[in-house]
Every structure is written in structure tokens, then in C-alpha cells.
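Okay, here we've got a single chain as C-alpha cells, the form predicted on its own, with questions on binding and movement later.
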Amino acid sequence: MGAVKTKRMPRAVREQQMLDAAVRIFGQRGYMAASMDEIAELAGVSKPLVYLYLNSKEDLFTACIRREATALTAAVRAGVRQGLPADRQLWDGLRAFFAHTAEHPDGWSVLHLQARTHGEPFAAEVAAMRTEIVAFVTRLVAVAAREAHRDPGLPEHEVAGLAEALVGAAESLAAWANATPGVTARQAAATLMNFAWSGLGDLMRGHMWAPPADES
């Protein structure tokens, strides 16, 4: 009787296994310190196989960024339920964001810390993800604000600036929450809602803050 042959793992599954290992190593050790040897060892494959599938360290890192960015944007979109009041939609989106970054701290480290500090093309990959999230938040704020105080002429730059500030605050708060023991995704989302919603709530009621008249 011949030896029983083991079934080969499908390429897609093996590749995801490599990406899982790479995200963990890149996220914890940093791009420069990470080695292909330790990524291959953690993935349970040979280093030549990693190069065969993903070409180079740079291509592997880019693949990690793209996968983690896609997963994060999908989580935020899936977390927002259409048809709810604006504050509930924002709350759901923030909670989904903080839940995902808390559940995938190495992935968030890759996106928020590593990719941004090692130049192009890595920074461009993260910028594309951020642009998509900012656009999503911009639409949410714009529709809610304009409907709330019936102002179809609300300046685009006002809405875009609010969305940019909100996303920036969420990014910083996620990094802080992941580094602070005991902070849950719900608590992080509530913190940002308490910080942002008083201002957004006034905007949606048509009460906009203005600089003092004696200042240029």
C-alpha cells in the first residue's frame, strides 16, 4: 500500500497565513526591524515560499497595508445602520472603528504607525484608506446637518473640515486606547461622542460658533 498523500493547502489560504504572520511581526517590531526569516517561521513556511508568493519585503508590507485598510473600512461601513438619527449613525460608526482597532492592534499599528513613517508608496496606501473614511463621514455629517436646519448651502469646506477633524481625533484616540489597559471600544467611542457631539449637535440645530467680531 502506498503512502497517503497529504492535501496541499490552497494558495489563497497559505497567502493569508503569511499575511497574518507578517502583520503581527510588522505591527509589533516595526517595518525596519522585521525580518522575512521570522515572518516565515511564524507562518510555518520556508522563506523562499514567502518570496515566491509575495515577491519582496516591500510587496509583503504593501499587501498587509491593503488587507488591513480594506478590513477597517468594511468594518466601519458595516457598523453604520442607515435610516437612524445622525447621532446614532455616528455612534455606530465610531464603535465599529474602535472595536476593530482594538481587536486588531497589530493591524492598526501597521496602518497608523508603520506605514505612515516609512515613506512612499506605503504612506499613499494609508492615505487612500483615510480619504475613503473621511468621505464617508463627510457624507454622514453633511446630510444630517443640512436636513436638520434646512440649509442646503452649508459650505462644503465646513463639512469636510469637521469630518477631517473627527477622523483625526478617532485615529489618535484609538492609538491611546490600545495602549491604555482597561479602555474598551465602547468607552473610546463614548469619549469621542462626548467631545464632538455637542459641537455637531449645535451645527445640526443651526447654531454655529463664530470668531470674535474684532478679530480678522
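All residue numbers refer to positions in the sequence shown, first residue = 1. Predicted, not measured: the structure shown is a model, and the values here were computed from it.
Just so you know, the form predicted together with the DNA exists too; it's not on screen, but the next bit is about it.
Chemist: Quick check on this chain: which one of T70, T180, T184, S35 has a heavy atom within 4.5 Å of the DNA in the predicted bound form?
Modeler: By the 4.5 Å criterion, the partner-contacting residue is S35.
Chemist: Among 187-195, 44-52, 61-69, 167-175, which stretch has residues with heavy atoms no more than 4.5 Å from the DNA in the predicted bound form?
Modeler: It is 44-52 that comes within 4.5 Å of the partner.
Chemist: State yes or no: in the predicted bound form, is some non-hydrogen atom of S56 no more than 4.5 angstroms from a non-hydrogen atom of the DNA?
Modeler: S56 belongs to the contact set for the DNA.
Chemist: For the stretch 9-29, I need every residue with any heavy atom inside 4.5 Å of the DNA in the predicted bound form, listed N to C.
Modeler: Heavy-atom contacts to the DNA in the predicted bound form: M9, P10, R11, R14.
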